[in-house]
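Presented below, as structure tokens, is a lone chain in the form predicted on its own.
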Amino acid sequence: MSDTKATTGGSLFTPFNMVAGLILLVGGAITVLRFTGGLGAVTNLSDYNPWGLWIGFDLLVGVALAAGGYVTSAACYIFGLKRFHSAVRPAILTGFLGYALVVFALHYDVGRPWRLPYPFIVQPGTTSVLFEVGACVALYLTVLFVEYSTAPLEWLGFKRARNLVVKLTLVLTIFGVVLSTLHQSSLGALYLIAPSKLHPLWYSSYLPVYFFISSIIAGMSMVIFEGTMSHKYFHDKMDEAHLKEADGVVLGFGKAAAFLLFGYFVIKLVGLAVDNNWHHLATGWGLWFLVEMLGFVLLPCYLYAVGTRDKNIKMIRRTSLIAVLGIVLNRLNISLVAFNYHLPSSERYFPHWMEIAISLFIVTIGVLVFRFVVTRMPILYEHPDYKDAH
């Protein structure tokens, strides 16, 4: 993944680049087909299933995994945990790219990009949860862009503009946390209007709380996972401070994630008890629910706790992948798998291969942009002109 052409003058025709290029070509062709032939040409969406993979994965999963930005900046600038400072810029970059790609992916689902701002300027639906989600995501994307801008401003040598943005750090962080709290929970609230469609094991009046707490877990796990990948592929781009603080970031977030995962498990049990849904655990759906709760909540909780106790950095980093997959599974269960569970199999939704290809296309764009930025801008190291600024 490392940019060998930019750093060593090597060939562009690496296996990664060739696979990424193929994905981009296929995704580009499907994009043309989507905007010329409509949804029916590339998706299996229907009136029963108007929201598919592009909402379940690209939106719900994308927003959750991009939570590392507000989690890390809050830990560093609001709670004063300066030992996490080296993780802030990579987390902000990952968050900014995640939200930007969520908005990009929405264009495929909406189909008329020029109508994306309609809820704000044409017919504001201020009583709609979806309006609140859209407003908060738009505002938070702007906040992330301003927070991220310090890196390109340093890269371009715009010192005055960079210093102005730095002075706004605390305000931007607080604003970002407030906006994230609102829209992360509201994404769960979107499904409160569908009690007859979402399986009782996943439906709960506590869905907004579940989504918010799991987004913090997702953010911490994603920071650990992104750091693991960066250490493997961009180790040469990291300065001494980043390398020195890396293990502390992993241990700190691993410990916090263990506590949050256990708390999340407890409130899920509370939700089951309040709604008296215990009898559903004896069904096939109950078995799948237990796979999610035991295999992707309690297991990473235990592994995070053991890894933190033993200071086993490798265990914590490997556990972050399990936790990230658990967030993906949870969001897909709610939006796709357990949604419309009562319909016969012939009417159930399964994504078209072109829907999967577009999602892979969007993820690939994110990886390529991330690689481009970290190999050129001061993300994994501090700019020489600002080493005494922190």
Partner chain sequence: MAISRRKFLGWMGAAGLGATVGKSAHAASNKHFEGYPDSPGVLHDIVRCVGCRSCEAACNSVNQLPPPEQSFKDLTVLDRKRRTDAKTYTVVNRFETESGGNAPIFVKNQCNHCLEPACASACFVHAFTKTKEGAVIYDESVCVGCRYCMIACPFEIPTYEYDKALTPRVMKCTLCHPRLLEGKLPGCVEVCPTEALTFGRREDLLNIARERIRRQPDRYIDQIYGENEMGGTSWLYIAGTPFRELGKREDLGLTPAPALTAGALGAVPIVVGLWPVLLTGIYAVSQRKDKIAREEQSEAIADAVAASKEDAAAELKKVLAMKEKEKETAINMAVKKALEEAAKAQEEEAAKAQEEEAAEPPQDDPESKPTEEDS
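Numbering follows the first chain given and starts at 1. Computed from a predicted model, the values in this text were never measured in an experiment.
Below: the form predicted together with its partner chain, not depicted.
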property: Contact flag, F104 vs its partner chain in the predicted complex, heavy atom cut 4.5 Å; result: no
property: Any non-hydrogen atom of L287 within 4.5 angstroms of its partner chain in the predicted complex; result: no
property: Contact of N312 with its partner chain in the predicted complex (heavy atom, 4.5 Å); result: no
property: Heavy atom of A282 within 4.5 Å of its partner chain in the predicted complex; result: no
property: Non-hydrogen atom within 4.5 angstroms of its partner chain in the predicted complex for each of F145, P152 and C301; result: no
property: One stretch from 168 to 176, 292 to 300, 315 to 323, 152 to 160 that, in the predicted complex, holds residues within 4.5 Å of its partner chain by heavy atom; result: 168 to 176
property: Heavy atom within 4.5 Å of its partner chain in the predicted complex - the one residue of V270, V110, M229, L139 that qualifies; result: V110
property: The unique member of W278, F265, Y233, F131 whose heavy atoms fall within 4.5 Å of its partner chain in the predicted complex; result: F131
property: Its partner chain in the predicted complex - contacting residues of 32 to 55, heavy atom within 4.5 Å; result: R34, F35, T36, G37, G38, L39, G40, L45, S46, D47, Y48, N49, P50, W51
